[in-house]
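So this first bit is one chain, no partners, the form predicted alone, shown in structure tokens.
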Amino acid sequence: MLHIVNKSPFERNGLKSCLRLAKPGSAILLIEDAAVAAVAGSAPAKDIAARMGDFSFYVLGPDIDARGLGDKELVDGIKVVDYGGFVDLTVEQDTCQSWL
């Protein structure tokens, strides 16, 4: 399953809920304001790093850039995808779950 998280982890609990409820082997894509969680050193980044063995993590590159974070170090192991990669992830997975 592809889990799509779009809200900032500093404003909503969607990412925490996703990490708690998603089944191991799932893919998690951070888009829009959730992209800030991919930046290394924050509390959400530590949560992601702790679960790196359970899930495949992705972040939408244009959303990182749109938030002025393109020059920041990302969580080790998170993959940056473009819009085409976003589409590929949705096609590769059987189902998608959006976390609001």
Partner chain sequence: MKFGILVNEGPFTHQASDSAYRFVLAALEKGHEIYRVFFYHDGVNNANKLSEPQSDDRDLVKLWSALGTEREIDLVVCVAAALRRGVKDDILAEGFRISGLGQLIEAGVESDRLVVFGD
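Worth saying up front: this structure is predicted, and the values here are computed from it rather than measured. Positions refer to the first chain, counted from 1.
Separately, the form predicted together with the partner chain exists; it is not shown, and the next lines address it.
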**Message:** I'd like to know whether Gly77 contacts the partner chain in the predicted complex, with contact meaning heavy atoms within 4.5 angstroms.
**Reply:** no
**Asked** Can you check whether Asp47 is within 4.5 Å of the partner chain in the predicted complex, heavy atom basis?
**Response** no
**Request:** Let me know which residues along 1-20 have a heavy atom within 4.5 Å of the partner chain in the predicted complex, or say none if there are none.
**Result:** Ile4, Asn6, Lys7, Arg12
